Ligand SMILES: N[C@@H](CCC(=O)N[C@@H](CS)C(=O)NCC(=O)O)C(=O)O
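The chain below stands alone, shown as structure tokens; this is the form predicted on its own.
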Amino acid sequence: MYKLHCFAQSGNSFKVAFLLRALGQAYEPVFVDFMNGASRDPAWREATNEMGEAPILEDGTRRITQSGAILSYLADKHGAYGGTTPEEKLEVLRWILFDNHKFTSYFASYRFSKSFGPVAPDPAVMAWLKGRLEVAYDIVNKHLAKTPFMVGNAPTIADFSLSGYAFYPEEENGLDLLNRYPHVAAWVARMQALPGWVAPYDLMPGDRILPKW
């Protein structure tokens, strides 16, 4: 059985948990107490993940980190959600890289600062992050006006990757994104209709933390 090191607030962890459920694969969740600094402990990094991040997937003796790498590994291993042609596979990779670099990156940084950061966020930094994430959302929204999923007519790991943070409560970011980007909202609803979808706070270990700022 797989082991997935994860915690409830992590959209990157949710991407993997959601895919495992969509694939019909059982897994054991392993709680990472990220919010209380577990991943900053040198001993944890030495034993678990030198990058100090979740998710981490254990498959027997193999340990894989970084959500994009994990999604790719699972798609290849189980022959699903990875794209069906070389062109589709390349397009899937292209969107995962865009997600990791921009779509998830800016949004997750904004959400963390607003809801979970130890001090009130700097307004100038938040304004910059907001501008960057809105550009990324606009790109995805325009793309989804032409296609039901990120790569063609069926979901792929590109969709699991980009949608990872879209299922968390709006109050954690306060940006009303699904109303402002209707094609993204329709795609999120399509993802929620896939087998195995469960809301993140009902799926992964750890207590819900209310927004701080």
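Small disclaimer: the values here were computed from a predicted structure and weren't measured. A residue's number is simply how far along the shown sequence it sits, counting from 1.
Only in words, not in the display: the form predicted in complex with the ligand, which the text now covers.
Peer 1: Only one of Ser72, Asn141, Ser113, Asn100 has a non-hydrogen atom within 4.5 angstroms of the ligand in the predicted complex; which is it?
Peer 2: Contact check passes for Asn100.
Peer 1: Taking Pro148, Phe160 and Trp187 as the candidate spot, are all three within 4.5 angstroms of the ligand in the predicted complex by heavy atoms?
Peer 2: No: no residue has a heavy atom within 4.5 Å of the partner.
Peer 1: In the predicted complex, does Glu53 have a heavy atom within 4.5 Å of the ligand?
Peer 2: Within the cut-off, so yes.
Peer 1: 176-184, 53-61, 23-31, 152-160: which one contacts the ligand in the predicted complex at 4.5 Å, heavy atom to heavy atom?
Peer 2: Contact-bearing stretch, as computed: 53-61.
Peer 1: Going by the ligand in the predicted complex, which residues of 157-194 come within 4.5 Å of it through any heavy atom?
Peer 2: The one in contact is Tyr165.
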